[in-house]
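Shown below, as structure tokens, is a lone chain in the form predicted on its own; questions about how it binds or moves come after it.
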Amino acid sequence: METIAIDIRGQICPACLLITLREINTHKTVLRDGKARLVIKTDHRDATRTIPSTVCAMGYDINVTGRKGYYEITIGYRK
């Protein structure tokens, strides 16, 4: 499985959500086919709420992991 890594540390919402949605749209075919997952690195705490709630409603699975100094949000497609 391919990992598409996006580092948006330093960005604040709503930019975090908009960048994530753009990347999902760009890679939607491989995400929906289960061939890739999107891994977002962010240091904006609000993004750990806005991104998961929006992306879950679109049918994707989300995992948020706290790292030292940032969060990692992993997005894959729910089959």
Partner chain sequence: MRKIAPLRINNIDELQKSNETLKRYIREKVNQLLSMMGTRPLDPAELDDSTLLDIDPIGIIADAFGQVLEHLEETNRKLINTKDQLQAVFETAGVCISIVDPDLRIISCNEKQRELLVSDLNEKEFVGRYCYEVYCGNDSPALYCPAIETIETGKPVFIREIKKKGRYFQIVTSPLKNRDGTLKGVVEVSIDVTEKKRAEEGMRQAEKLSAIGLLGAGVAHEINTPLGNILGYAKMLLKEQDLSDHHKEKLQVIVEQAKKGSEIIRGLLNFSRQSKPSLATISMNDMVNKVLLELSTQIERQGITTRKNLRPIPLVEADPLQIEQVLSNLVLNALHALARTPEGTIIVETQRTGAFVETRIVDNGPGISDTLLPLIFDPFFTTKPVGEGVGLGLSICSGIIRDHGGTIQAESDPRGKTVFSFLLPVRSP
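Numbering follows the first chain given and starts at 1. Since the structure is predicted, the reported quantities are computational estimates derived from the model, not experimental observations.
The form predicted in complex with the partner chain exists for this protein as well; it is not shown, and the discussion that follows is about that form.
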### Message
Within 4.5 Å, heavy atoms only: does N63 come near the partner chain in the predicted bound form?
### Response
no
### Query
Within a 4.5 Å heavy atom cut-off, is K41 in contact with the partner chain in the predicted bound form?
no
### Task
Evaluate D33 for contact with the partner chain in the predicted bound form, applying a 4.5 angstroms cut-off between non-hydrogen atoms, and reply yes or no.
no
### Query
For R9, is any heavy atom within 4.5 Å of the partner chain in the predicted bound form, or not?
no
### Query
Within 44 to 69, which residues have a heavy atom closer than or equal to 4.5 Å from the partner chain in the predicted bound form?
H44, D46, R49, T50, S53, T54, C56, A57, M58, G59, Y60
